[in-house]
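Starting off, we have a lone chain in the form predicted alone, written out as structure tokens.
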Amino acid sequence: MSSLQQTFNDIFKKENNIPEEYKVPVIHQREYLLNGELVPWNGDVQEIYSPVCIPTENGLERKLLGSVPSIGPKEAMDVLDACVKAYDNGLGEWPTMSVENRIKCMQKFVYLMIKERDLIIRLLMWEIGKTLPDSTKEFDRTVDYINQTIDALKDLDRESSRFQQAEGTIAQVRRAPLGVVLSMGPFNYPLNEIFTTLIPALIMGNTILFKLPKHGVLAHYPLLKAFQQAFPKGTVNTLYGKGSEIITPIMESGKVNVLAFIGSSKVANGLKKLHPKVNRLRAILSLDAKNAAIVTKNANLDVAVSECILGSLSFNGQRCTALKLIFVQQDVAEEFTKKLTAAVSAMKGGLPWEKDVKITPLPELNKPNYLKECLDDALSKGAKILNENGGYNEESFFFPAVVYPVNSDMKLYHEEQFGPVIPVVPFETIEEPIDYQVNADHGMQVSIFSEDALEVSKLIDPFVNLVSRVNINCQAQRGPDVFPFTGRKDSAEGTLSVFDALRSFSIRSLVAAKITDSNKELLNTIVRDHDSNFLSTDYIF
């Protein structure tokens, strides 16, 4: 047996060697949430397979986790109609409900969600190959995000609870919902990323069409009853099936008011073009990214290596905020790549629940082949794989590859690899990484590694106008969730954060009247008798 085979021969285990506490039941879901009911489904289904493979007599095979409904265009339009009916042009129970009562519904949902914590964490590991610590973090961070959103809405409502006077007019300004929201999210954070749009959209009074992601879909199954029990009927409705078949007629109907989408810019552009009245469609989008790190000769290389590994290989590099291209100044390139290579070679690969595992199987079927194509292209144009076992692949498992020197002729320089490959580009002058960003199609984040204050300041000023976030001596990342999250060029549309998302999914509406004695008495009566959910001076604690 070769040393390579010996290193990786036990990545995949027989089922009887998998600890009981990490196993999940096979879930054959035969229902979807429609108009407050879990509607039975007897039609076509989509089988769900894990990236975790099981050794069998026929070799390694992905484990079957279960199946979900694959509804068609007719059923999809029924789901849309339920959502439209629940909103009822803003007259429905949910959009007219008081902020205080919407918050109570959301708090009930969180309570019910926490009851399903253990199963959801295990499903995340099995469905997308996310490690136990990261799956746990995703769940807990999502709960924290919902609670932070509730607190932010309370603050927003308190600010709006007073009347304003100007030029003989008295008014109260509040946030009102926008309508029907189509929420579509990615597989890499199937809980957290989706909920960062779905939750603020929901709590602001919109009704939701929830298209489940292709990978990570079963992780939402335990939450269907929570949605059903916590919110009025029709407020949240779920969509399963092929996006090309069911989303097209939904968008073409013109009944969607907001598109909340996290994915590729190509798909987002196609979806927007389907809408017959684009001026009526608000889009909140988080899209492609090719975030660069810049390591100068004045960097602390140990810090740079540590943060670049976190940035490029957390969850196998399958994050929009991952560092996907590392520029290193020629003076320190040899030392930096030596340290980086050693650190990557020492990383442990294995199954998601195993202790200290950092590299896990990939959920996308075609991803290993695509990554090999990128490596072959780079090698044919003069690059080398520096780390031991770099690019080793067995079925869904792909060990990280440090590729150096990468140049602008290679696919890895331009394309978002979205996987465990680290392209390293040597540069002489600082203008080179700046020129890269100027000409790039994306503009999400950059990470600058340098201990020289003047050098850092001269990099900050151009990059703040090229990307949306400049990180100093740390990896690119989304959090903390109270910070704005957006991007330039093809990377985003709209801004998300706990604070910004509430505004993104609502519009300022006001009630105004001339300041007369009769109007004062009228408004005072409405407020005193609590006859209006909108016009109110109640203070939510």
Ligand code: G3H
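If you're wondering where the values come from, they're calculated on a predicted model, not measured in any experiment. Residues carry their position along the shown sequence, with the first being 1.
The next section is about a form of this same protein that is not shown, the form predicted together with this ligand.
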So if I measure heavy atom distances to this ligand in the predicted complex, which of the stretches 90 to 98, 363 to 371, 314 to 322, 405 to 413 falls within 4.5 Å? 314 to 322
Applying a 4.5 Å heavy atom distance criterion, does Arg478 contact this ligand in the predicted complex? yes
Find out whether any non-hydrogen atom of Ser447 is located within 4.5 angstroms of this ligand in the predicted complex, and reply yes or no. no
Close approach of Phe231 to this ligand in the predicted complex, 4.5 Å, heavy atom: no
Can you tell me if Glu193 lies within 4.5 angstroms of this ligand in the predicted complex, counting non-hydrogen atoms only? yes
In the predicted complex, which of the listed residues (Ser183, Asn188, Ser396, Thr235) lies with a heavy atom within 4.5 Å of this ligand? Asn188
So which of Arg141, His215, Arg175, His275 gets a non-hydrogen atom within 4.5 Å of this ligand in the predicted complex? Arg141
Contact set, 482 to 499 vs this ligand in the predicted complex - heavy atom within 4.5 angstroms: Phe485
